[in-house]
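Here you get one chain, nothing else, as structure tokens; it is the form predicted on its own.
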């Protein structure tokens, strides 16, 4: 997570705490500033380093907010926010993660019942005390109680989109030590497998000077607290995320990277192949144990006793691999398996049979088919979104502003007449942009409760591409609803099919196999929405779609130019679903895309 994101989080918390205490107007100013700080292309650190005056260049940031940005960058805290936390000692982020509980509700529950955290909330809900407060009732109380368990599970894990940038910043910092102690440095664990949520950040370092690496790790100025520090291991907490360091000798880096990337079940599968070949696999390497005696000892000694080296028992036998990760797989007669596939979902058998997919790469994606502008709820003009798509490197982009309908913020969705007018505006903006990029005119229509699409057929017939997405009624089984939308003759893409919002709401229950077969039959692509809050379809659903013969598209749902950078999260999610280039609609050139749309 960047400093811009950290500050945006702080400003959003500011807004929530002010709203919870009944302050008017100010919360909206903080939320607007948070949004603009998060999207600002330059780091706040660089703006502060230039004397602090540049901070006010961020839209919505005046003198008072600029001072808070400088204070946070220089001290790591904002005194006024700390005072608000003292005045209202509640776990705001966790409580508001319960569906139906907003900042004002948090303030009321604290004032009336002393609720500070999820445990308190669950207690008063079970004791039926919430319904006794004016403005609440039995239904509100039951809904809150139903949302608590989901909130508990969600708050145990961080979003990939928060943890990955934070881990990358730490990796860059540790690797940049002036003493040259770091030979290699990589992220591991679920973060390296690009899981949609992660428990903690694992950082693996190869070095002959572990003490120096540990010291640099624990000196990171973005750490909130150092949890522990040993001779070759350490842990700290930054922005609420636990970050673990492990330093290994360079010759064992490959084996450690394979081991600490996981998953556990994948590693068990590799270990079982090793056993079949009289080999032993662990974090220290691959060892030939065929010559070991029945007591587990070797006839030869390397001169190091178990007393001198407690880990030597793990290094018994002739070491045949471990310096590189590829060598670990080669030792058990497998080609290297990409980290995204290491979930014990058939990847080892596929590797052994020579059937691993050639996974889609980030640079294979040629365009974005789901982009918003300030005609609906986007933050930038059509011309800006086109120009920035071209600068990002896209060969084409499709403008798909929201149509009006259920689940769309009031006054931001476009009526049919607006969509007709927008077509001309898109053509004018395309002509005004000095860039070689193909621009398509589209819409993100809403899938109604019965599967209908919230735009008239005459308008849809005049558009280049139609994304249809669920935005309301996002609970229960939505399979029939999506299949009906897929069967609509004008629908080209189903956007964020479940409507989930990670760590906030689970979204629709879907029979993915049935949805996927319908999409394949009707030539409709299923979207992998790359926004880290969504990653919808999930990796598992992508694989189901591909096996059914359906096409996927990886889009950012960008509401601002900075969001084009989110594409990597969608691509890695598609890779977790075994997606190859031919499976991805927007990996085709513009002619190939238009041919798909014309079918």
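Positions refer to the first chain, counted from 1. Quick caveat: nothing in here was measured; it's all calculated off a predicted structure.
Quick note: we don't show the form predicted in complex with a small molecule, though the next part is all about it.
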Task: Location of the small molecule contact in the predicted bound form, chosen stretch of 190-198, 448-456, 471-479, 284-292 [non-hydrogen atom, 4.5 Å] - done: 190-198
Open item on the list: Considering non-hydrogen atoms and a 4.5 Å limit, which listed residue (202, 401, 340, 527) is close to the small molecule in the predicted bound form?
Closed with: 202
Task: Residue (of 423, 488, 504, 157) lying close to the small molecule in the predicted bound form, criterion heavy atoms within 4.5 Å - done: 157
TODO: Give a yes/no on whether residue 260 approaches the small molecule to within 4.5 Å in the predicted bound form, heavy atoms considered.
DONE: yes
Task: Non-hydrogen atom contact residue 379 with the small molecule in the predicted bound form at 4.5 angstroms - done: no
- [ ] Answer yes if any heavy atom of residue 140 is within 4.5 Å of a heavy atom of the small molecule in the predicted bound form; otherwise answer no.
- [x] no
Open item on the list: Whether residue 235 contacts the small molecule in the predicted bound form should be assessed with a 4.5 Å heavy atom distance threshold; does it?
Closed with: no
